[in-house]
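Shown below, as structure tokens, is a lone chain in the form predicted alone; questions about how it binds or moves come after it.
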């Protein structure tokens, strides 16, 4: 049994939804479809979710919502009519959104979640109707009714453990194809609550785990996970197979195929994930699994991401000062900051974090507290850092990997600001200047992939 998830680009218009229906009909094992809200039809277009956010903001601001409401309904109606579905069936979708708009706007986050969730909810109803129009037994299922219960804050829901058993009881023995909206669930009180943006991937993985699926197929508009960002290296090719660990390392380092939390439910249950292209469904895609065969010394992917900064500090005999690291990191915890890496030496330590999370007012507070509370000898901040990650299970216990990488960067004229290797030895991270990011990725690609 397979659970499928389709992203917004796969559902942007009627032609794309027809492709989704073709994919569902091609394999009787494809029993559950999780859908996003319709995405962009062209680069200048607006996603339906963004249209709904605008609608909610108009309502929260006390302004006339009719123009924004009409824009959303017209977009959805166009899809419905282009699919040549029964005209009367669309009335339920239009009325549903109207009822959401009539909800109390206080608290604002609850109201916003109810409006945002309409994109996925309406799309699931449309896809179910499209499948039925082809003679398939298909039904829309509401996450609330199926038992997808989320805790946490509105806009940042977290699945509760009891959801898995409830979803299994609700969905496992259905004979028809289930079309399930992604991105949202219900609080224990029955209120609509969304995951963070991009959370339809999370919904798909949750359902795959709950139903103990044999495979979770995640459909998007690319052929799979590429060994290098093809925008940086046009000749890059999709990776046939990845392990969960490799995917997590690459996702963290800038690969944007998955919402960063999306694969976790599948990882915990050991369910293979297959990333595929809606527009090229016969392409092999990328399979992600607990383990895979690999060659000794093989690199599977290279990722680069700009926008980091480093806080460097030095203090004589730092290594003998008990509690120094705890007190340092507690300063960041109290500011609500997470860090990316903490390279250290005997008398020095650096904290690397995203520049966007470290505005100048926070920087001033943190630096002042470090000087006063930790009495460091030297302290400075450097911005404009890019992190480059080399990833591969074959790197484990392989001699000479660092030498090859540093040699390639030196030959390309890229200065290494920092080097760090994870304890698992399946990844190696380099810090370089933002302006050298693309050059560094290109040099490493040539070094590790030119002979493949």
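Positions refer to the first chain, counted from 1. Computed from a prediction, not measured in an experiment: that's the story for all the values here.
This protein has a second form, the form predicted in complex with a small molecule, left out of what is shown; the following refers to that one.
Engineer: With the partner removed from view, which of 136-144, 198-206, 360-368, 290-298 is the stretch that lies within 4.5 Å of the small molecule in the predicted complex, judged by heavy atom distances?
Structural biologist: Result for this chain: 198-206.
Engineer: Within 4.5 Å of the small molecule in the predicted complex, heavy atoms considered, which of 120, 113, 249, 217?
Structural biologist: Looking at 120, 113, 249, 217 one by one, just 120 meets the 4.5 Å heavy-atom criterion.
Engineer: Report the residue, out of 32, 391, 37, 405, that has at least one non-hydrogen atom within 4.5 angstroms of the small molecule in the predicted complex.
Structural biologist: So the residue touching the small molecule in the predicted complex, by this definition, is 37.
Engineer: Any of the heavy atoms of residue 180 lying within 4.5 Å of the small molecule in the predicted complex?
Structural biologist: No - in the predicted complex, heavy atoms of residue 180 and the small molecule never come within 4.5 Å of each other.
Engineer: Would residue 49 show up as a contact with the small molecule in the predicted complex if we use heavy atoms at 4.5 Å?
Structural biologist: Contact with the small molecule, yes.
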